[in-house]
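First, one chain by itself: the form predicted alone, in structure tokens.
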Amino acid sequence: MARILLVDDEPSILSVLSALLKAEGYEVVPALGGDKAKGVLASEEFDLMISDIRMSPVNGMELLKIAHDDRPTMSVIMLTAYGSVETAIEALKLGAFDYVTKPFKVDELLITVQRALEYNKALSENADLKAQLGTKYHLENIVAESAVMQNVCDMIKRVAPTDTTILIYGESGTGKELVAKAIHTQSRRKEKKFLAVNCAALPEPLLESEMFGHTKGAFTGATVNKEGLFEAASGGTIFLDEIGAMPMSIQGKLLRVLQEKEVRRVGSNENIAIDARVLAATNTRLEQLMQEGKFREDLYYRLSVIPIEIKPLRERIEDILPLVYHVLRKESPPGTTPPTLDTEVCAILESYTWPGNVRELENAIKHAITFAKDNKITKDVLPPKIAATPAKSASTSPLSDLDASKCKSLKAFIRAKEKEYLQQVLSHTGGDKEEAAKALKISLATLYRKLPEAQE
């Protein structure tokens, strides 16, 4: 629930506005006059302040300066009489989000309040994201036991230092945004913003406004000028998820932005220079959409300068158990031992096809952790659909189906299986070699001798 500090020296206005905002579900703290508001601001946190400008002895402009210095993430809306618009404009220059003239229209005020709170939320999320990007999305947090994922990590290292446009392919849930964030955090733009938009989640007019911004009065509800993501991401990265769902009319405008490095807000005739790297992702082959007339060919070639493909989880079985152990460690409280996996569970997890990919796997393990007993995950605590999966055994893959000329020697096969098992045990112990040696019932020296082979 958003907290709003309401400041006015007229009790009647304070009472009416408090009742109005509380009816909308906001928590309202009224302050009769600027002097009282100063004390409240010094001791409490708020998401928004709505203040009259003309008050005595402490007026709204003084409160605005205090808020700007001490509460930089709190939005401020100024209330002003019709004849004092010049003062309100001065307030905007000092950092106010917007102003509303008295007598105000209820709908106009509520829309302005909503937009101010959304702006405040965006500021907080951007600050949180900047902190998270420093730790959560480093390359070492991408589980890459399989050759195809190791290749993806290698691609990230190579393309991150450039400003090249990247197109990331992958089914839903494979981790396309994780790869995009890894590219950003490995780039020279890592100190700037990473902003994402799902092109399939917004209707056409809203998507256009979100990406390119709009001017006040450009359409119904556009009560303030709004910068788009391309402007907001200046110096940083913009991630266009599900680019294949973007309407054709916006595709043309995006092409111009990529070509000219400038954007024009909806309702404006002025071009604004932008400097944002573009990463895009799709779960649909754009070549197919081009053939169907749903995607522009010229935009396709602008976007796919370097393509990166993330294979579905069913095609990289080597990543399944390492991913499981990664989730177990991540979800376990600090200082506790992650749950262990029953042998039958390991076989089931590697046999399931994971149509929802990594996202489904994470949800399944969180489900299992919730119902696990004695710190052990068994078949009965897995989601029913996954628990019902028959575990594959050696008998399901008869050698008669293989080309004998392409079979490995027995020695090579045993080495490969040993390598796979060593990696699984090391993943399970979080890389602790002493614990791994104990679990394997071999000496630490023997483990170290085998490690070079296991890491080839």
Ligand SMILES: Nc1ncnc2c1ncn2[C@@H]1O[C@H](COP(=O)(O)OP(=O)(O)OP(=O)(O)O)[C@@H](O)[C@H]1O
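Quick note: we count residues from 1 along the sequence shown, nothing fancier. All values reported here derive from a predicted model rather than from experimental measurement.
The following text describes the form predicted together with the ligand, which does not appear among the structures shown.
- Among the residues Val159, Leu240, Val143, Leu109, the one placing a heavy atom within 4.5 Å of the ligand in the predicted complex is Val143.
- The listed set Ile369, Ala232, Met149, Ala196 contains one residue whose heavy atoms approach the ligand in the predicted complex to within 4.5 Å, identified as Met149.
- Of the stretches 91-99, 207-215, 321-329, 247-255, only 321-329 has residues with a heavy atom within 4.5 Å of the ligand in the predicted complex.
- In the predicted complex, the ligand sits beyond 4.5 Å of every heavy atom of Leu349.
- In the predicted complex, no heavy atom of Ser75 sits within 4.5 Å of the ligand.
- Taking the partner from elsewhere, Thr185 is found to have every heavy atom lying beyond 4.5 Å of the ligand in the predicted complex.
- At the 4.5 Å threshold, heavy atoms of Gly175 reach the ligand in the predicted complex.
- Contacts of stretch 1-20 with the ligand in the predicted complex, defined by any heavy atom lying within 4.5 Å, are made by none of its residues.
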